[in-house]
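Just the one chain here, the form predicted on its own, laid out as structure tokens.
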Amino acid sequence: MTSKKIVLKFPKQLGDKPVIYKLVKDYNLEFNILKAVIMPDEEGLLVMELKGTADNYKNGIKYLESLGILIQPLSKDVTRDEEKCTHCGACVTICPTFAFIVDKKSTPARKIVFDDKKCIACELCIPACPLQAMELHF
């Protein structure tokens, strides 16, 4: 079973097409939409978790790419600027998926570790960070 969080960027001509429906019907993939911005006559953005057998996942991604949809892993879009971060912990309490954890064994003590695989791009950490160390690049 393959399960990945990905970001899809749709060309504006696909905004009204049943693209995700075909992933379910033709490729037997499960999806969980984490974020969607789709407006008529504009490029669309969809952040989703896509799950299925390795072959179905691979073929579903090929189908999306054949339509001109840009696909990238979510982990490339949510980043932390390590130079700005002071490990104050403001992000730890606000994150609904526990993507931030306190590493009590780290040096310096109590370093905040960001696990981008748990991130769902909810953006709650961005305004919570007093030093604006978290960045979202869609």
Partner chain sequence: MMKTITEINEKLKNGEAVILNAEEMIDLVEKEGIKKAAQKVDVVTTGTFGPMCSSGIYINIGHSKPRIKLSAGECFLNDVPAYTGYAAVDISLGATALPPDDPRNKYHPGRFIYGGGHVIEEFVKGKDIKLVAKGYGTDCYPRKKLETFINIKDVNEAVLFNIRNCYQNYNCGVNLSDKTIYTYMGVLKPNLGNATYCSAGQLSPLLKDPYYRTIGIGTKIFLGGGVGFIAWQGTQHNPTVKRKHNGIPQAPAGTIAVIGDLKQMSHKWLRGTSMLGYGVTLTIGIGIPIPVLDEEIAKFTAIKDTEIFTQVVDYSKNYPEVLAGSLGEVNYAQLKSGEIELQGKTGLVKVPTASLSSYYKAVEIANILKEWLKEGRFLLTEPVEKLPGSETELTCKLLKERILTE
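Positions refer to the first chain, counted from 1. Everything numeric here is computed off the predicted structure, so don't read it as measured data. Superpose the two forms; the largest set of C-alphas matching within 1.5 Å is the rigid core.
What comes next is about the form predicted in complex with the partner chain, which does not appear here.
Peer 1: Counting non-hydrogen atoms within 4.5 angstroms of the partner chain in the predicted complex, say which of Ile94, Ile101, Ile71, Leu45 makes the cut.
Peer 2: Flagged contact: Ile94.
Peer 1: Which listed residue (Asn32, Ser66, Thr53, Thr86) meets the criterion of a heavy atom within 4.5 Å of the partner chain in the predicted complex?
Peer 2: Looking at Asn32, Ser66, Thr53, Thr86 one by one, just Thr86 meets the 4.5 Å heavy-atom criterion.
Peer 1: For the three residues Lys111, Ile126 and Cys129, verify that every one has a non-hydrogen atom within 4.5 Å of the partner chain in the predicted complex; reply yes or no.
Peer 2: All three within 4.5 Å in the predicted complex.
Peer 1: I'd like to know if Ile38 sits close to the partner chain in the predicted complex, meaning any non-hydrogen atom pair within 4.5 angstroms.
Peer 2: No, Ile38 stays farther than 4.5 Å from the partner chain in the predicted complex.
Peer 1: Determine whether the C-alpha of Thr53 shifts by 2 Å or more between the shown form and the other one once the rigid core is superposed.
Peer 2: Not so; Thr53 is displaced by less than 2 Å.
Peer 1: Once everything's superposed on the core, is Tyr27 shifted 2 Å or more at the Cα between the shown form and the other one?
Peer 2: Not so; Tyr27 is displaced by less than 2 Å.
Peer 1: At a change of 3 Å or more, would you call the C-alpha separation of Thr97 and Lys51 in the predicted complex closer or farther than in the form supplied?
Peer 2: Between the C-alphas of Lys51 and Thr97, the gap widens in the predicted complex (3 Å or more compared with this form).
Peer 1: Looking in the predicted complex, are the Cα atoms of Leu8 and Leu124 closer together or farther apart than here, the change being 3 Å or more?
Peer 2: Pair moves closer in the predicted complex.
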